[in-house]
Structures are given as structure tokens and as C-alpha cells.
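Next up is one chain by itself, shown in C-alpha cells, the form predicted on its own.
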């Protein structure tokens, strides 16, 4: 589970799923700055399925459509440094669940916000990285601004090699300082301005097992303090502190006769809101000539938070009917393709995500607002001296 900010959890979740197998991001970085400049442009279209008639009591059945454009440039600076600039623009429209009501038969159903939500987010990040013989270290600053949410974040990371360069240790720390200022539209909100701070630590190690195999294990801890509720829901009251823990492990096995690699990953998540989750990912990376093809599958299973209920509870201190805090399972199937032509690389990716309460390995109540979506991405990268 991720931090749940005011209106843009979908954008943030989408931004975090650009990598097919994300637990390996930043795990094995080269110990020399790039020898070329890289410029990239990527466009992503994210579309949620409409809710079925039996799950909507009132309002639009349509949900979010999000268009994301990303532009980045990375270049070497001198003999030991690199610098990168990333710019991302997200535009989203659609409707979201306002609250969960009940039918005359007592079944839960969603009251939707209406197709009135429009939001634009611009994020700018700068990263500088220093390289030495046995490792590297980087520092990143990001500013994100949208109609009702502003965030300023920084992160630093380091990786160093030991045991004759067969083992790589990785550590990172990050901090985000956010301001929530919800806008008054058709949905009444009951706050003017709130703050949220989030801090994270990560430590991991990757080990070369043989000429064709690498294994990795990583631990992370994240602490959030401040306004963690959703102001766009009729009643949503969550604790003002959130502790989260993850354990992630993965294997990369290359098969020389096939010129392909198996990617297998597992992540366990737990928090102090009573939720747990398991994530299992399997992927295959096939290379031939200038092409790379990467099909992948991912299974996710989550247990609900202690204060989740699909029917409003006005007696407890904390309560939420947010489907993201419910018990559910999800399957993701995707395919990513890249081709290199000279100094240019083109990429395309298509992903399908479906979720269901019955697919969870945890007990809990069903939420009527679970989401299914399609995500498609195209991009082009140019590298030059």
C-alpha cells in the first residue's frame, strides 16, 4: 500500500509503476558516469473501467482518465559526475467514489462524485550523482504542484561494491513535505489547508551468485505524520501517523542458450493500521538483434486496515470506506517492447490490471469501488556524445 494523499493517489501510483519490476530500481548502478547524453520523451494513457450498474447508487459510472507526459535529460559532467533533469505533466479527468451507501436490500453501493474532477500536476526533479571506483552516490530534489496538492521532496542514495565486486550494498533516505489544500467543487470539503510529512529509509544488498544469476534482498521503513485522510470523501478519518515496513527479494537468472532472463520478485508489506500485503512478480526478458521483449505477470494480495468498513461507522474514532484500504487481490499482465536503431531507442508497453475481493488471501469485507484499468505507454530515447 502507498501513502494516500488528497486527490492524486492514482497519478502517484501510476508514476511508480513505470518500471515493470520496481524493486530493482537503483539496485545495480554503474560505477562510472555515463559516456553519452540521454534525452527521453514518454507518453502514458491510463484509463479506468466504468463501474457496473449494480455497484453505483448515484452519480457517474465513469472513472479516471489520466494523461502523463514525461521528459528527461541526463548528461555526464566532468570525469566523475552526472546530472539529470526530469519533468512530468499529468492531466486527469473523471469521477471518484464520494462515499458508500446501501441499497434497500442492504447491499453496499457507491455514491460517485460526478464527472467533475479535473486536475493538472507538474513535477520537476533534478538529480546529481558522483561516481568513484567502487560505488556511487546521488542526491535528488523534486517539486510537485497541482490544483490542491503541493509537495517538496528530497532523497539521497549510495551504492558500494565489496567482495571483489560480487556484492553491492545499497542505502537510501528520502523525505517529503506536502501541503493539502482541497478545492471546493460539487463535493463539499471540510478542511482548508493541512500538512503531511513522510520519511523513508531503505537498505539492501545484491549478490552475484554466478555468471548468470543475481539475488537481492532489501528492507524499507516509511513514516508519515500529518493529514492522512481523504478530504473528498463524506467521512474519512484516519490516524495522523502511519508506520510502514517492507521486505523485498528478487532473483535475476540469465539463460545463455535462449539469450533471455527470468525475473522473479516477492515483496511483503505490513503497517500499523493493521494491513498486510504480498506481491509476487514474474517476468521474462527476451533479447534478439536490436529488440527486447518483456512479458510479465504480477499478483497482489492485501488485507484491510483495522478501521475500514464498507458501511459508515459513526461511533469509532477512525473510519474509512476507501477501497484502497479494503481486502482485495489483483492481477496485472503486461508486455513491454523496445527496439534500438542507431542512437535511438523506441519503447512501447501495454498493461492490464484487474482486482477482486475474492482474490485476496486475507479475510475482510468487500469494497464496491475496486478499480480495474488499462495503461499504455510509448516513448523514444536519443543518446549522443
Partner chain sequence: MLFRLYRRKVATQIIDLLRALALLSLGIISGCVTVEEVAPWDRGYLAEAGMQWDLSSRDAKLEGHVYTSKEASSGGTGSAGGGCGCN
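Positions refer to the first chain, counted from 1. In this text, all values refer to a predicted model and were calculated from it rather than measured experimentally.
Keep in mind the form predicted in complex with the partner chain is missing from the figure; the text below concerns it.
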At 4.5 Å by heavy atoms, is each residue in 61, 227 and 318 next to the partner chain in the predicted complex?
no
Please tell me whether any heavy atom belonging to residue 307 falls inside 4.5 Å of a heavy atom of the partner chain, as the geometry stands in the predicted complex.
no
Give a yes or no for residue 108: in the predicted complex, does one of its heavy atoms lie within 4.5 Å of a heavy atom belonging to the partner chain?
no
Although the partner isn't part of this model, could you tell me whether residue 290 comes within 4.5 Å of the partner chain in the predicted complex, counting any heavy atom of the residue?
no
Any non-hydrogen atom of residue 258 within 4.5 angstroms of the partner chain in the predicted complex:
no
Answer with one of 189, 237, 153, 137: the residue that has a non-hydrogen atom within 4.5 Å of the partner chain in the predicted complex.
153
Could you check which residue among 72, 130, 160, 99 gets a heavy atom within 4.5 Å of the partner chain in the predicted complex?
72
Within 4.5 Å of the partner chain in the predicted complex: residues from 156 to 173 (heavy atom criterion)
156, 164, 165, 166, 167, 169, 172, 173
